[in-house]
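This document opens with one chain alone, in structure tokens, the form predicted alone.
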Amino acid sequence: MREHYDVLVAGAGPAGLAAAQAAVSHGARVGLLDMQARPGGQVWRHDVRLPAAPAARQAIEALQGVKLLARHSVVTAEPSALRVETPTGSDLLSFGSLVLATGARELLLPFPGWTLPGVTGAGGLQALAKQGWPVAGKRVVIGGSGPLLLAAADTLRKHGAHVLGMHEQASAATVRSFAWQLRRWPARAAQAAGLRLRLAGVPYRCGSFVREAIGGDAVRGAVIETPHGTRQVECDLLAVGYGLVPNTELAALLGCALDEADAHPRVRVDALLRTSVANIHAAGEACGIGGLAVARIEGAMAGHMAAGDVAAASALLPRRDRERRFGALLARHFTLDPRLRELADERTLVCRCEDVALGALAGYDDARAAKLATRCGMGACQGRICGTALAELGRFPRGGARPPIFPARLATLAGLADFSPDDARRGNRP
């Protein structure tokens, strides 16, 4: 089936919701697609036990007139159309303008024992708890870096977990400096204070990180590096995440230029969020990690731009620039300790999907050569976990995006045989 939209938005998180709402306010025919069954993205993921945040409810309720395309996964892309897989088949979605609101994913770094059952990312365990994973009564250790640790701990406690401690790799002096500078963002300062109040009694250790997970058939404990030496903590679940990195695979497949100044590229946009490809805009974490407020403002800007209202988008520039400065503050204060890149030894599995150890990658200087020789990055995650970790470790940058962006059914892939760029531009069906 083929459908056409004046504005198509990829990603139904806070940025995508704001983009769709802004675009439809101009009378455009708007489609909002997402892999999940419900809108909200990772930040506003549906919680099976707890009510949604007021801001999330309001954003979702404001989608009148928007065609919500839930459980739609992008398989491949052309400048004017996306081929998506749906629960019942596949569709071709053509568009006049496209907004990329693809968000971010958690940065996971390998360490001995990180593949044991019961070891997850901090945000990953938060998402599992929201989806009903049984955490009540479980002893949980949380490690990593950034505000996500507190958010994850808060969610886990609300679901009945016994959080033994949060281990922030940044030093105590760095965290104090960050907290002091929050005074320039009163709403964020209030949010942080509220989190700490709700987490009263949960130890928050700075200059501390997980060195090893211990266990046989499942995690039984963690070795923690502290400023005063190592110590071992028994636990049932271990959640370790080192912040977020932008999701840029769809942008790369569309030919959008990426800013590759650091190990984790972001979509390159101008001041009004236009990418290097005509009629394609990007917003939120895909353009660099900045947080919820940035995502919502940039989403609205991109939606206005996609609908052709430059003035409405420009009016939001001062607010966007202010919130982007907060993202820069985060990046400065939660820079990763170099020791974290040395935790994995040659026997540590780095590609969880294909069971490839770090030592097997010795001698390869690019992702493609390593993939061909070892299958590293060829599993279900398509290199999102191992490729991102290896880029952070300085082994080699992530390889370019290739379709399918996500694993797809054979029937869907078979339908791509006759899907050419000319077909997409003419709106023909494969």
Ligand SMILES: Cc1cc2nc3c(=O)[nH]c(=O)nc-3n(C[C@H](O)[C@H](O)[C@H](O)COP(=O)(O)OP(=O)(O)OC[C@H]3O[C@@H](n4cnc5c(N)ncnc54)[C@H](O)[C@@H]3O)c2cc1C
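Bear in mind the structure is a predicted one, so any value in this text is a computation, not a measurement. Residue indices: 1-based, along the sequence shown.
What follows is about the form predicted together with the ligand, which we do not show.
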Exercise for the section: Examine residue 145 and determine whether its closest non-hydrogen atom to the ligand in the model of the complex is within 4.5 angstroms. Expected result: no
Handout entry: Contact label in the model of the complex: residue 211 to the ligand, heavy atom within 4.5 Å
Key = no
Practice task
Please check if residue 33 has a heavy atom lying within 4.5 Å of any heavy atom of the ligand in the model of the complex.
Solution key: yes
Practice task
Decide whether residue 103 counts as a contact residue for the ligand in the model of the complex under a heavy atom distance cut-off of 4.5 Å.
Solution key: yes
Problem - One stretch from 230-238, 349-357, 288-296, 313-321 that, in the model of the complex, holds residues within 4.5 Å of the ligand by heavy atom - result: 288-296
Problem - Sole residue of 272, 343, 192, 151 within 4.5 Å of the ligand in the model of the complex, by heavy atom - result: 151
Exercise for the section: Could you check which residue among 367, 405, 28, 66 gets a heavy atom within 4.5 Å of the ligand in the model of the complex? Expected result: 405
Handout entry: Stretch 1-39: residues contacting the ligand in the model of the complex, 4.5 Å heavy atom cut-off
Key = 11, 12, 13, 14, 15, 16, 33, 34, 35, 36
